[in-house]
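Single chain ahead, written as structure tokens, the form predicted on its own.
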């Protein structure tokens, strides 16, 4: 059953990378190969930071803090960017939700 994660993603959601992805840096941006589907993804600079943060289980709220501090952007913008990117990772099955509040 594929739940619509758009409704349930919150600052307390704990997410982590799924296995089977090979990421590397290319010209300051992170690119990734998903071994299962053979797709390449350009995560960009911000996406690369988010991806790195998901190496071990972490709350979405903590990821927002990391992006806010790293790129010195307002919390609202960081939250919008992080949630949009996390949703993309979930949609592509590149990350998973470990626990919900």
Partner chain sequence: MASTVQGLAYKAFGLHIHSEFPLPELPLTGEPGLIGSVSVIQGDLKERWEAIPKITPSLGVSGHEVMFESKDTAIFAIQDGNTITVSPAPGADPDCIRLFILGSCMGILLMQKQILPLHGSALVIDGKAYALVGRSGAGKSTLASYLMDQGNPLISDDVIPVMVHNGYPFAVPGYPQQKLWQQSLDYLGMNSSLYRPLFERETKFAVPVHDRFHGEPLQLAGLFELSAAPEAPVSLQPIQGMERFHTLYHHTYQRAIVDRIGIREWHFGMLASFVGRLPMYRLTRPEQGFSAPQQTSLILEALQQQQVKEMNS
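Owing to the predicted nature of the structure, the values given are computational and were not obtained by experimental measurement. Positions refer to the first chain, counted from 1.
Keep in mind that the form predicted in complex with the partner chain is missing from the display, and what follows is about it.
Just one of 46, 54, 31, 66 comes within 4.5 Å of the partner chain in the predicted complex, counting any heavy atom, and that one is 31.
Checking 77, 84, 22, 11 for any heavy atom within 4.5 Å of the partner chain in the predicted complex turns up a single hit: 22. Mapping the unseen interface onto this chain, residue 35 counts among the residues with a heavy atom inside 4.5 Å of the partner chain in the predicted complex. In the predicted complex, residue 70 stays away from the partner chain, with no heavy atom inside 4.5 Å. Using a 4.5 Å cut-off on any heavy atom, the residues of 26-48 that reach the partner chain in the predicted complex are, in sequence order, 26, 27, 31, 32, 33, 35, 40, 41, 42.
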